[in-house]
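Just one chain is shown here, as structure tokens, and it is the form predicted on its own.
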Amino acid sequence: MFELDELAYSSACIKWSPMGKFVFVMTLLISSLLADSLMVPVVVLIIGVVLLGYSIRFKFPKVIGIILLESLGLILIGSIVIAAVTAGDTVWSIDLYFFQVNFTDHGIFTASLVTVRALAGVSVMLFFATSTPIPYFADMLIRFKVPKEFAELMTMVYRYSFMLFDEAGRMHLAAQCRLGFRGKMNTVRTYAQMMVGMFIRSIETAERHNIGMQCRNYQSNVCLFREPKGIGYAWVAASALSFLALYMLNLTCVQAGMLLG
């Protein structure tokens, strides 16, 4: 979370409207999910990869690689299961001694469509995550008339997580200096004591800051030093044109019988 937050604040798209980016990303996702052809998800995937690369200035850090690898592994496992259980004409068969796995034509197409859709969704959502800090996202939710309490809770969890992370680091360093991680049983006992200590510290911190906010007449507002831009006509037009273009592309591919692209 902290590495993604650093990427968001250093993103090349941080000055873009969070509302505009969100509407554009959701337009791409909906267009990809509604498509019957592989061409539309492939186009959305290309757009998402280009936007993600531009957002992180084409410097892919380790955290992005880990997210992509984990997502790809889960997507591939799900796609293999879909290809194996979907009915249709058998194209490929594998004998595993105890049972036989049959991959059908309809199953392979469905698995391919699901895979490309999932990869397209991961790419565009990573673009939004690496270009929109959490406070900007909370401000966007409030502008979309989401209940203020939800945005406030998300912002407070985000801000106080840094304090708890620092406290956990100090407790871990103190335990190391006292040889608290020497031996397996000693390590387990030390981590248990750290968890109890973190729970007690978090309650004490919440009580102190609650009193402090009440003394400062806290009004449950998401305060930002610089408020992000709101959505403009350009973002609405870009989202609408993108949806129409992808819809026409899908319609053309379906009429031409190009379900596989």
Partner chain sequence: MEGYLSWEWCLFWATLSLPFIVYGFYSIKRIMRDDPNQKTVLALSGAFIFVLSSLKLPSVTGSSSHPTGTGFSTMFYGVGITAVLSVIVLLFQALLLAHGGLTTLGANVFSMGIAGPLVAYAVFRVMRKAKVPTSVTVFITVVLTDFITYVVTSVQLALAYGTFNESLISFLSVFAITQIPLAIVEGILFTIFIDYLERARPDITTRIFPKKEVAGVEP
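Positions refer to the first chain, counted from 1. Small disclaimer: the values here were computed from a predicted structure and weren't measured. Each form is matched to the other, and the largest set of C-alpha atoms that superpose within 1.5 Å is called the rigid core.
Heads up, the form predicted in complex with the partner chain isn't pictured, but that's what we're talking about next.
(request) Answer with yes or no whether residue 29 is in contact with the partner chain in the predicted complex, where contact means some heavy atom within 4.5 Å. (result) Within the cut-off, so yes.
(request) Indicate whether residue 22 is a 4.5 Å heavy atom neighbour of the partner chain in the predicted complex. (result) Taking the distances in the predicted complex, the answer for residue 22 is yes, it comes within 4.5 Å of the partner chain.
(request) Classify residue 180 as contacting or not contacting the partner chain in the predicted complex by the rule of any non-hydrogen atom within 4.5 angstroms, answering yes or no. (result) Flag for residue 180 set to no.
(message) Taking the partner chain as it sits in the predicted complex, is residue 103 near enough to touch it, meaning that at least one heavy atom pair lies within 4.5 angstroms?
(response) No, residue 103 sits far enough from the partner chain in the predicted complex that none of its heavy atoms falls within 4.5 Å.
(request) Consider the chain as shown here, without its partner, and state which of 92, 109, 144, 158 has a heavy atom within 4.5 Å of the partner chain in the predicted complex. (result) Among 92, 109, 144, 158, a heavy atom within 4.5 Å of the partner chain in the predicted complex occurs only for 158.
(message) Please identify, from 41 to 49, 230 to 238, 54 to 62, 200 to 208, the stretch that has a heavy atom within 4.5 Å of the partner chain in the predicted complex.
(response) The contacting stretch here is 200 to 208.
(message) Residue by residue through 146 to 166, which ones have a non-hydrogen atom no more than 4.5 angstroms from the partner chain in the predicted complex?
(response) Read in sequence order, the residues that approach the partner chain (within 4.5 Å, in the predicted complex) are 147, 149, 150, 152, 153, 154, 156, 157, 158, 160, 161, 163, 164, 165.
(request) Would you say whether residue 236 is displaced between the shown form and the other one, judging by a C-alpha shift of 2 Å or more on the superposed rigid core? (result) No, because once the rigid core is superposed, the C-alpha of residue 236 moves less than 2 Å between the shown form and the other one.
(message) For a quick test of reading the superposition: does residue 181 move by 2 Å or more at the CA between the shown form and the other one, rigid core aligned?
(response) After core superposition, the displacement of the residue 181 C-alpha between the shown form and the other one reaches the 2 Å mark, so yes.
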